[in-house]
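This document opens with one chain alone, in structure tokens, the form predicted alone.
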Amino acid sequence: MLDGLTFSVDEGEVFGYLGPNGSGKTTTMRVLLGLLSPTSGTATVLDADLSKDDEMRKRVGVLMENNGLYDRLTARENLEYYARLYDVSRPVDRVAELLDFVGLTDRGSDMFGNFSTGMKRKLGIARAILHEPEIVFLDEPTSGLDPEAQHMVRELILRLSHEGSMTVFLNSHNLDEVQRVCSRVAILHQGRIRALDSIQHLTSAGRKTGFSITLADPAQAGEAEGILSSLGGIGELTRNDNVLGMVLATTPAHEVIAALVKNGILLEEARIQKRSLEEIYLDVMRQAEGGVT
């Protein structure tokens, strides 16, 4: 059950829609696609109600959990079949173009039923964008895939946005995937949006900046720790062999580095530590389950 959702997706962005199983992700997608009717309010895609506007539905692509393809047809035959349904102009050229786009040109004559799970998902994406939609909805596109196949699908999603200028609505619970490909996310819990912001803002907001220094010479760790302790604006200083971790309260990172170098400390690496999307997601879930709104 959805509860008073309000959000918009910008043209050309990859928008991540997150939440645990049963939170309402797929229901939201079905309402947006016009497959379910909201009990109140409105849901529009490209400024249209897809439950009523047949012409506008032609400008939308969809890939649900089922790829919608036929095991006893080849990859090329599957795409040619949908090309006829969508009334795609230059269907032969478009199918060849898409097989190349998803890296399946050399498998075009192979039966879909013999494909690996990753290859099936790639062809499913090709089917979803066959008619060159302006926005494509992807429901758990990497679910059940091995890491290599997940990487390939992520690359395809980024190419859709960057090369194809498509808007991508990505329904997923794969937090690493979302952090890698999305510019903005909404986090859903029990039918309500609990967080809605850009990845960049979410991962940098809400806490002081974490910072770590890796020393080239572990023997200098004690001296480096003393230098850092004498600086103002640094808290939570920790030491683990040749790695010094800290929280930058008021002192910027470049001043920390300058102080160490000035005193002859040899540095191997310096790194700003941001919150991961996983940390943010878990915080949001804890707050929601604890009744914090």
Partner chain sequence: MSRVMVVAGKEVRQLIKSRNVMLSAFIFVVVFGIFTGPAVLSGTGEPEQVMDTLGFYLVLTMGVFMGYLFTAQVFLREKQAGVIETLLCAPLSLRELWLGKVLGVTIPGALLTYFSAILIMNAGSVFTGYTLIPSLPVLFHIIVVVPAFIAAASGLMGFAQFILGMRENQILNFVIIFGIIFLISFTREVIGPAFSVTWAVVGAAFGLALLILLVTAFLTRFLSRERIVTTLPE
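None of the values given here were measured: they were computed from a predicted structure. Residue numbers count along the first chain shown, from 1.
One more form of this protein should be noted, the form predicted together with its partner chain, which is absent from this view; the next part is about it.
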{"item": "One residue of 227, 253, 46, 69 in contact with its partner chain, assessed in the predicted complex (non-hydrogen atom, 4.5 angstroms)", "value": "69"}
{"item": "Heavy atom within 4.5 Å of its partner chain in the predicted complex - residue from 74, 190, 179, 212", "value": "74"}
{"item": "Interface stretch in the predicted complex with its partner chain - options 260-268, 243-251, 229-237, 53-61, non-hydrogen atom within 4.5 Å", "value": "53-61"}
{"item": "Any non-hydrogen atom of residue 86 within 4.5 angstroms of its partner chain in the predicted complex", "value": "yes"}
{"item": "Exercise: residue 82 in contact with its partner chain in the predicted complex, heavy atom 4.5 Å", "value": "yes"}
{"item": "Exercise: residue 111 in contact with its partner chain in the predicted complex, heavy atom 4.5 Å", "value": "yes"}
{"item": "Heavy atom contacts to its partner chain in the predicted complex at 4.5 Å, residues of 11-38 in sequence order", "value": "30, 33, 34, 35, 36, 37"}
